[in-house]
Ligand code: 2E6
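Single chain ahead, by itself, as structure tokens, in the form predicted on its own.
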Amino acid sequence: MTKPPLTLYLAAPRGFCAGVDRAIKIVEMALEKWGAPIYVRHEIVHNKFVVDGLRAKGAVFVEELEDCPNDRPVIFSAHGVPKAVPAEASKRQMIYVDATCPLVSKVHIEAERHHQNGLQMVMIGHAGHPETVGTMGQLPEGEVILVETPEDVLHITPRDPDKLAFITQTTLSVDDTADVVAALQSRFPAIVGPHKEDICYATTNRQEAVKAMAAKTDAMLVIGAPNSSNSKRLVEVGAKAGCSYAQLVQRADDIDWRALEGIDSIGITAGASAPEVLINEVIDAFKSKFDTTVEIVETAVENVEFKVPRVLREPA
């Protein structure tokens, strides 16, 4: 039986970013240095396949520091943690390694600097997301006001409208965030913005690739976890850019083939915490059902690499 033809557009860049790659290496190197079990506060990155793989090697994932024993090392996830968490770990004399993405740490430092200059912070982010919780936890309670939408901006009551600065979660939609920033600048003309864009290079690059792909495709699949902010934003960006069917899948088994009947082209990308093995799995699934031609849609070249903490590079 002849397979129907399909053009598969593959986004570049896609998948792992430097911060995710570093965080995973930190867990693997900690296991090598100290042996199992190693405790990890929160999922090291938002991807079940990655987390399950590390769990099989001896990582134990917990939600709070209180779930960790004092005598085993603990790693803080790539999303960052409130200041109170490492303070508590130090108090308990625990060995801990901070796997916070350096680009998230940059936002933490920025918030601290503005606070020291007497400015109250407005954070653009998603309530309850670990990165938002960690960033807000860098400053005393009440010093960070959270907004998610332009409408939220209308309802906030800062201490002094002339002494404000804003920061953002690193994994937001670039376009949606621009709308919130515009609302903040309209209502608070004196508000101070970041020295350099807070939304990280990987989030921006993946969204640009999706925009370039969207007009070419009948459908788009984003490989990523349902709790991954940057992956969910890619689905939204694809839909807004004109792709009539944009869906999030964790892996090939999640593809809704009935919804894709009759398509001639599809775009494939992956969130920053999705490994290439899952991308290849999805491509192979399409090749099994279609006479597939793969075309790369490249909008940027990434060569960023972050060093792991010194404690893991030193001999045990």
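Worth saying up front: this structure is predicted, and the values here are computed from it rather than measured. We number the residues from 1 along the sequence you see.
Separately, the form predicted in complex with the ligand exists; it is not shown, and the next lines address it.
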- Candidate stretches 211 to 219, 154 to 162, 78 to 86, 236 to 244 - the one whose heavy atoms come within 4.5 Å of the ligand in the predicted complex: 78 to 86
- Message: Quick check on N205: any heavy atom within 4.5 Å of the ligand in the predicted complex?
- Response: no
- Item | Distance check, T135 to the ligand in the predicted complex, heavy atom within 4.5 Å | no
- Do S273 and the ligand share at least one heavy atom pair within 4.5 Å in the predicted complex? yes
- Classify S173 as contacting or not contacting the ligand in the predicted complex by the rule of any non-hydrogen atom within 4.5 angstroms, answering yes or no. no
- Task: Check each of R92, R72, K106, H129 and return the one that places a heavy atom within 4.5 angstroms of the ligand in the predicted complex.
- Result: H129
- Contacts with the ligand in the predicted complex - residues in 39 to 75 whose heavy atoms fall within 4.5 Å: V45, H46
